[in-house]
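Before any questions on how it binds or moves, here is one chain, the form predicted on its own, in structure tokens.
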């Protein structure tokens, strides 16, 4: 188990290093373009060359990469040209806001999808199964901006129950989280539900489950103690890997509701051309993707003993 975890961790670190090199070369390989984006399109060539000299960009690219990597690891993510603030200081509270949003969405989505997926999978081809499947496919096929529009039209303009934005202008409010969370849950739970349903239906048709039922074991015990653990292998992997989506894939929802999170910050940075903020945001997304992959691999071994003891 420890050997497997060490191998996975080593491969993840290697992946992060390779991607960091690619990102660094893409964003900072062209020095003049970088200077233009930092100083603005109306800056003079003399000013750009002076800025490059003052900030050490005349050093070799490999030396600049290791200097940047050391700074990133120690919390020095350069300074945002758009917001005139250190990137880490600017990005940290927005990452926290997105983490709150993503955490709420993940917990609610997993709870709903597991219950519906199990209820659907244990009664394959029944009316309940078909109803849950139709609802899951329907909600997954509606993009976030469409469901967000419907929710705002109903709960903001028609019923006047909820605020139409989540900017937290008067401080953090759980009420302002309801619509963004609902939008993302509606879009995501159908996919999880169908994965759980397919896996549960396959396990319920296996020989050991049939044997347990024929031996007279209580049906609920067969499902919870024998079928559910094996049925969770595939859904668990998908759910953990979706953590990366919940960080970087909530851009549409955050922009729609003016939610001051990581996704909206990257959109603003891309529109302005804030290179350092975009580079730091991309690296954060890479780290989250790699960590979620590592958690998925380790969790998979706990659910599947054949891999653990191989």
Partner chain sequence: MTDAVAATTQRPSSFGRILRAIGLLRESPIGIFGLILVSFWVIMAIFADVLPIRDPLAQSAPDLLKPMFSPAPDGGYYWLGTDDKGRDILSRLIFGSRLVLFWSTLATVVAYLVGMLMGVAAGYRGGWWDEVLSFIGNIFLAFPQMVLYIVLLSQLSPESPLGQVLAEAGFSKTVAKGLTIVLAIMLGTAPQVMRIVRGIVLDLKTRDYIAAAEVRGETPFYIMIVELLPNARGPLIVDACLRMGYVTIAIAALGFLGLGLPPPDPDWGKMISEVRGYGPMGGNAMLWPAVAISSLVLGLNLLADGVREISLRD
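A quick note: this is a predicted structure, and the numbers were derived from the prediction, not measured. Residue numbers count along the first chain shown, from 1.
Just so you know, the form predicted in complex with the partner chain exists too; it's not on screen, but the next bit is about it.
Novice: In the predicted bound form, do 92, 161 and 172 all reach within 4.5 Å of the partner chain through at least one heavy atom apiece?
Specialist: Zero of three within 4.5 Å in the predicted bound form.
Novice: With the partner left out of view, is residue 143 within 4.5 angstroms of the partner chain in the predicted bound form by any non-hydrogen atom?
Specialist: Output for residue 143 is yes: heavy atoms within 4.5 Å of the partner chain.
Novice: Taking the partner chain as it sits in the predicted bound form, is residue 152 in contact with it (heavy atom to heavy atom, 4.5 Å or less)?
Specialist: Heavy-atom contact with the partner chain at 4.5 Å: present for residue 152.
Novice: Closest heavy atom of residue 79 to the partner chain in the predicted bound form, within 4.5 Å or not?
Specialist: No, no contact at 4.5 Å.
Novice: Is it the case that residue 22, even though its partner is missing from this view, gets within 4.5 Å of the partner chain in the predicted bound form, heavy atoms only?
Specialist: Heavy-atom contact with the partner chain at 4.5 Å: present for residue 22.
Novice: Sequence order please: the residues of 166-187 with a heavy atom within 4.5 Å of the partner chain in the predicted bound form.
Specialist: Going through 166-187 in order - heavy atoms within 4.5 Å of the partner chain in the predicted bound form - there is one hit, 187.
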